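Take a look at this single chain in structure tokens; it is the form predicted on its own.
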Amino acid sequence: MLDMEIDTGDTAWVLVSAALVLLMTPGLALFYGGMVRSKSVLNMMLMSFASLGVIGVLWVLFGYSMTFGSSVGNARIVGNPLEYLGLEGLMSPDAVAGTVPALAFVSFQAVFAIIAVALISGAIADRAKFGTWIVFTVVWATLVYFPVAHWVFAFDATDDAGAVTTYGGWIANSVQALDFAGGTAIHINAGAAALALALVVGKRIGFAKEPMRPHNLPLVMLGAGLLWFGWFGFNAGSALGANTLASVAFVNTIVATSAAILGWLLLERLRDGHPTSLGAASGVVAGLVAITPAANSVSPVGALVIGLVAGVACAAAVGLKYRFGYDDSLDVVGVHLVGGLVGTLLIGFLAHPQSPAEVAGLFYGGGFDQLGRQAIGAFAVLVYSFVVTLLIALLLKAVMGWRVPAEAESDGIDGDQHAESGYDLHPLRGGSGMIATATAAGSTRATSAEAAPTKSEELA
């Protein structure tokens, strides 16, 4: 850690931003939870909350060290897991990251790691064993997220004489691809992993044959709103200070997301004849994903273009699963992989020389140089994540199995995996005293109601 003076304003902003990003994971749980059928809502939401628990613990034990510790060897592949084991030494007042205490930076990056893992869960909704998912989060974070985050987010640190004291990752320092807040490390990474996992786990019963509509669209829109709110911490917080860079990222996050909503709704109107609330909510996420890597390197007009392209591209991409026959339940591939690629690659065209990144893209006289760097970073992460995730998923399939029994999937994974129901819609369920009283009075209404499911239960 560099020995610099702590700025209280910067520290306050980073801590607030960490809290905002933490809120994104419950927001994602609501967004995903509303998109599945009612019989799966608790399992879907719990997969996000489990990521909070697992990754929060791993980050403290060795995840932070693997990500931001000095690279092991000259390949710049992963940080030394023992350097900050258990966050040893980071409570000192002298341990700082830029102008904030080291532990403020630790907290901020912890919530990035959490949501990166949680994003993947949407690809395997309705059918995966919860225990296998828990083991997957441990292995995937260790073998995929922590190393990839090291490639992208860990920069070399130097002393006053200019000598390197901490060696960072190869994409950040050798390739010098731009990824301000996680277009590659989080979204392309999670999207590629989601594709691999969906292929191994297999299709839901009735995929492409039965309607599998979202059961609660207001929940989806609430989740999207919370994601947008928290994303200001995600992007503007990555400035690690209350400054001009944070302000640029903040404005770009607004305009790109706004444009993506319009792009998604426009494509729906032209293709399907009507815009939808689900489309608007999905457009929010597509725009947020796409501007994440570019928030510090494009102008507000550039952000508008990125958002508009992402909204249209992601809306078109979500249908690819039907064409190619993979069941990515909640379109993690179509939104996060495609959106991450759009934002990361468009930096090569739209990077503005007057932006905080001070890099010129192709449209501003910078030639193809930065575009090449962006492509190397994006596709290296995509290939690594897909291949390693595929191997992890196949191993877990052989050892533990991924699928719940077919009967449990049809009846509802919530009851099978958690012995719970998201909605208790029966008017007499849980009211044993009422049933007993009615029966004692000679009434058969309670017995009949208990035997015959309501329409709401049938739909659930």
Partner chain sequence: MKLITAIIKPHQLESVRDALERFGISGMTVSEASGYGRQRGHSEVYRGAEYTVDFIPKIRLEVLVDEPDAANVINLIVQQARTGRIGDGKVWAVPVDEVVRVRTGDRGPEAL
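Please read all numbers here as calculations on a predicted model, not as lab measurements. Positions refer to the first chain, counted from 1.
Here the subject shifts to the form predicted in complex with the partner chain, a form of this protein not shown in this document.
Student: Which of these residues, Leu90, Leu199, Leu308, Val318, gets a heavy atom within 4.5 Å of the partner chain in the model of the complex?
Tutor: By the 4.5 Å heavy-atom cutoff, the listed residue in contact is Val318.
Student: With the partner chain left out of view, which of Thr344, Asn296, Ser282, Thr257 would have a heavy atom within 4.5 Å of it in the model of the complex?
Tutor: Contact with the partner chain in the model of the complex is made by Ser282 alone.
Student: Looking at 82-90, 362-370, 298-306, 209-217, which stretch has residues with any non-hydrogen atom within 4.5 Å of the partner chain in the model of the complex?
Tutor: One stretch meets the cut-off, namely 209-217.
Student: Is there a heavy atom of Arg323 no more than 4.5 Å from a heavy atom of the partner chain in the model of the complex?
Tutor: Outside the cut-off, so no.
Student: With a 4.5 Å heavy atom cut-off, would you call Ala29 a contact of the partner chain in the model of the complex?
Tutor: Ala29: no, not in contact with the partner chain in the model of the complex.
Student: May I ask you to state whether Asn243 is within 4.5 Å of the partner chain in the model of the complex, using heavy atom distances?
Tutor: No, Asn243 sits far enough from the partner chain in the model of the complex that none of its heavy atoms falls within 4.5 Å.
Student: Find out whether any non-hydrogen atom of Met45 is located within 4.5 angstroms of the partner chain in the model of the complex, and reply yes or no.
Tutor: Although the partner chain is absent here, Met45 would stay clear of it in the model of the complex, with no heavy atoms inside 4.5 Å.
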